[in-house]
Ligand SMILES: Nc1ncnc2c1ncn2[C@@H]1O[C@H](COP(=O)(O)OP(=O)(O)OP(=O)(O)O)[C@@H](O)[C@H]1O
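A single chain comes next, written as structure tokens; it is the form predicted alone.
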Amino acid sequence: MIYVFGGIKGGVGKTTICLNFIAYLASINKRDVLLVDADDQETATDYTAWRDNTLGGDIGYTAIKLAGDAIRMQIPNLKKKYDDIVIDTGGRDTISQRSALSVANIYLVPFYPRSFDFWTITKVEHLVDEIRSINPDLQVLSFLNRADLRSADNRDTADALRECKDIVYIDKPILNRKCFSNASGRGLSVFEITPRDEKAISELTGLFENLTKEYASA
């Protein structure tokens, strides 16, 4: 499967969830996973360097950098060599993101449940409409990230996402927890850092199981 993490607005914790998803995929039956950093900020590349230092070279996946049309041209050949490919794109509408979506199976869009992010939903819908003229089988999934434990914003954003015709809302919110930044700063996933945050692990596992089991055959 080819998964693309993206969106229209930055600051939603997209790359953090993406990197934890890769760790999860790599742990499933020892799957061979390729991470493609297609974000100009290169956060995933920096994370991989920290991970290499922390784990002494055994990072658990292969990582490369691609941008622009090179993604569309090279991913079909790379698909033959890996069980899964995960592409991290920037939090805005770029050539790299569109190129990735043209060859993707699943587009994953996290939303931060705040007013400014709420209004980007329509822009994501427009992007999806355009991309599906090229890739009509693209599955688009959304979820809440960095959510508060109790907030009306969670409910309002979730309700708006449920109303989207072409975006499937996954009701598995990821709460804003300190363990994410603690783990990322060492190049580790939440599944690997100690002490373990069992609530964060449970939330991520619930989301990722939903992605891989319910939609992997889409």
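The numbering used is simple: start at 1 and walk along the sequence shown. Fair warning: this is a prediction, and the values are worked out from it, not measured in the lab.
Just so you know, the form predicted together with the ligand exists too; it's not on screen, but the next bit is about it.
Looking at T62, you'd find every heavy atom of it more than 4.5 angstroms from the ligand in the predicted bound form. Contact between R177 and the ligand in the predicted bound form is found at the 4.5 Å heavy atom cutoff.
For G10, a non-hydrogen atom is located within 4.5 Å of the ligand in the predicted bound form, even though that partner is not displayed. Using a 4.5 Å cutoff between non-hydrogen atoms, N145 counts as a contact of the ligand in the predicted bound form. Residues placing heavy atoms within 4.5 Å of the ligand in the predicted bound form fall in a single listed stretch, namely 37-45, out of 159-167, 22-30, 54-62, 37-45.
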